[in-house]
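Listed next as structure tokens is one chain, alone, in the form predicted on its own.
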């Protein structure tokens, strides 16, 4: 049975099971609340023969029920047709996964127990998205769930994690504890966008890479190696919410542990075999969000304490022996974000956010600077929303801006023809120097059209 049929049958089984339970008059599940959305997302490259770069048709289905007084269940499922047919030979034509890709993605599925043992203790068990931090989709303290970079422009998206969250309410304070037994790596972008998160390895002389083989070592699935845990203390003072947090986990982006350089028949071309690991890291964080008069303010900072990773570079075949370097230093570094928003009396809304250190960057010398911004206005009784200014500016080195800048400019137009329906048209322009994240993907300008209906 191919994956597409399996996904469809699993989804149908879920719907039939729940429907049959709802049909039972005395069932505790008759109170299920359904909601979700249907979304289409099509993107076309502005250059490169106007090729389509993204195609996604997504059905998001959420179910929620309180079977008894002190219990709650929640789940979210994505059923989607994603990307394009992939056919290279006639055998591929016999597999629907290649001709009509279809996938089932269990985003969250957990249950809550309220007043567990103590009236002030709540417990959540299952797959869950544990979002920490107060920044606008870019959060240095949000390190419990693995980053999900399938869509690099959907900032702040994370995978769900299978674990346990406990919350204990103490007067005005809330103490949260999280335990995740199994490590999940980040989902990285594919294709041309993959270069945004990585830069080319520096090679001696005129050498260039002809072939590359990678091996990745995940942490062992045991209590010591695979665990991610965290604690957070939250409170409110005046008009501001704030919290202090700590995470003991791993960097969900791999680091170089070693490489073997292979000689080829061409003295200027080499092969490389690399070994990658996920280093242990600890993060102490603080965040706040609130308002002063009508101005919204937020900020957060994370102090990262990484384990050192030494990499062994075996260049024996090139006549350079074996060398050692440090791919991850154990010196602490700080990522932070601060932002504000304001709505004028004429309805114009503006927001801005400064970020020091993107999600994949590590080490104080490698943290870059990002200014994200947006201006929007609703007109025609909120039937139309215009975002003429939206995007971000990246500065790698303030001492040499002209050679170390990048930017993305993404104005958007929204139309709401009927209730719960949204049509969005946008254009994304990316440019900059090759030393920056945006600059490395400067040939990915896109035109995007989205439809969304919520129910």
Partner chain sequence: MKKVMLLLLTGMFLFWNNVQAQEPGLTAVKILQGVDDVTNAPKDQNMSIKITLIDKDNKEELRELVMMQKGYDKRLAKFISPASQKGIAFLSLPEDVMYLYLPAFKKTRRIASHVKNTKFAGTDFTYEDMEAKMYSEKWIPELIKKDDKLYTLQLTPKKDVKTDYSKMIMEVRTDNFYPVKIAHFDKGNTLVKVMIREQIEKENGYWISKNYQMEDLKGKHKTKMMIQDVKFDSGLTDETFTERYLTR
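Since the model is a prediction, treat every value here as computed from it, not as a measurement. Positions refer to the first chain, counted from 1.
What comes next is about the form predicted together with its partner chain, which does not appear here.
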item	value
Interface residue in the predicted complex among 98, 364, 236, 369, criterion: non-hydrogen atom within 4.5 angstroms of its partner chain	236
Residue (of 353, 139, 176, 184) lying close to its partner chain in the predicted complex, criterion heavy atoms within 4.5 Å	139
Whether 55, 336 and 407 all lie within 4.5 angstroms of its partner chain in the predicted complex by heavy atom	no
Segment that reaches its partner chain in the predicted complex - one of 87-95, 221-229, 311-319, 291-299, heavy atoms within 4.5 Å	291-299
Interface membership of residue 103, its partner chain in the predicted complex, 4.5 Å heavy atom rule	no
In the predicted complex, residue 331 touching its partner chain (heavy atom, 4.5 Å)	no
Contact test in the predicted complex: residue 357 vs its partner chain, heavy atoms, 4.5 Å	no
Partner contact for residue 383 in the predicted complex: its partner chain, 4.5 angstroms, heavy atom	yes
Any residue of 440-455 that, in the predicted complex, places a heavy atom within 4.5 Å of its partner chain	454, 455
